[in-house]
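Take a look at this one chain, the form predicted alone, written out in structure tokens.
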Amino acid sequence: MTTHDDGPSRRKVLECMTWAGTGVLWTVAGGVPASLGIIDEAVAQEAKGFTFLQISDSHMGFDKPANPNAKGTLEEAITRARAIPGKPAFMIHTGDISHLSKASEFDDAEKIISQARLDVHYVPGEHDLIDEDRGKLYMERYGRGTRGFGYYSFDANGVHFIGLVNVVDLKGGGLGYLGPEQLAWMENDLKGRSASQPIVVFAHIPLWTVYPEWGWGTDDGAQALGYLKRFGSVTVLNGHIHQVMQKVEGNVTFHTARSTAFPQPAPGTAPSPGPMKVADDKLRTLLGIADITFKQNEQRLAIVDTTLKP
């Protein structure tokens, strides 16, 4: 992808990022992300291991010019998910299921996502908590058995998953916020776990600082990441920014997912974030899903980002 040099701040943001292309299988060696090439069915079938899916930012109900048919593109994403060789263990949705927290939007999303025939683990985006009762609809549907506004953890195939909520009480400029209660819970949740156990953390807003001018980061994310330093394999998955970015810091791989609804501009390339109108024939090349595989005895998870239109 071509980028323009817009000054020191722009270079600083991009110097530690790698933009993923269409359907590229990523691996990490020596802390550096590397592409293994364009993914096809044969490669996918060879990627044996514990696999799960990530989708994000469905924005069900969105109908502006950037994508007047967000329902249709979510359906395309789920069709893509069903076509992946080898059934994934489950799906993670990293927030903004709905656009305006309406019951009808959650209903439509559920009808479509259920067609993947996978268990789904959710965390909310800020758009999921803006109803009159401040998240009541979200919590009734997706928050049972969780704490606060929906944070929780679970184990699968030897991997420990932590779903965090950083879209309540947003800080200046829209930065995410976890809060002391959730941080204390996270610290306790990790106590006693072996440093060799792989950890996957997922939340809506990136825990790392992507672009603070647009609120693309979490105010107290560094404290959460501090609890993860002793673990040998940590993967942090987010949504919110509607584009693929990847960064590696020590033992931690950060990965943000595309939206299934609409793209947003790259950091610093527009006056502000928000739905970005592109040519109709380009839209589906900027929307997609992520297929994530964990292999025993390999430190990093392999991530395959696939767009709706190759």
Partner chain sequence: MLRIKLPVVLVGVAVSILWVAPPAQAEEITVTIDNFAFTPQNVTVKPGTKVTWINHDDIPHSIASGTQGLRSRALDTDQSFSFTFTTPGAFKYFCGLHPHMTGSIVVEGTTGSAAPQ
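Everything numeric here is computed off the predicted structure, so don't read it as measured data. Numbering follows the first chain given and starts at 1.
Not pictured, yet referred to below: the form predicted in complex with its partner chain.
*Asks:* Among 94-102, 139-147, 179-187, 70-78, which stretch has residues with heavy atoms no more than 4.5 Å from its partner chain in the predicted bound form?
*Replies:* Looking at the partner contacts, the answer comes out as 94-102.
*Asks:* Hey, in the predicted bound form, does P88 get a heavy atom within 4.5 angstroms of its partner chain?
*Replies:* No, no contact at 4.5 Å.
*Asks:* So, in the predicted bound form, is R117 in contact with its partner chain at a 4.5 angstroms heavy atom limit?
*Replies:* Looking in the predicted bound form, residue contacts with its partner chain do not include R117, since no heavy atom lies within 4.5 Å.
*Asks:* Is there a heavy atom of F231 lying 4.5 Å or less from a heavy atom of its partner chain in the predicted bound form?
*Replies:* Output for F231 is no: heavy atoms all beyond 4.5 Å of its partner chain.
*Asks:* If we define contact as a non-hydrogen atom of the residue within 4.5 angstroms of the partner, is V159 a contact of its partner chain in the predicted bound form?
*Replies:* Answer no; every heavy atom of V159 is more than 4.5 Å from its partner chain in the predicted bound form.
*Asks:* Relative to its partner chain in the predicted bound form, which residues of 170-194 have a heavy atom no more than 4.5 Å away?
*Replies:* Stretch hits, in order: L170, K171, G172, G173, G174, L175.
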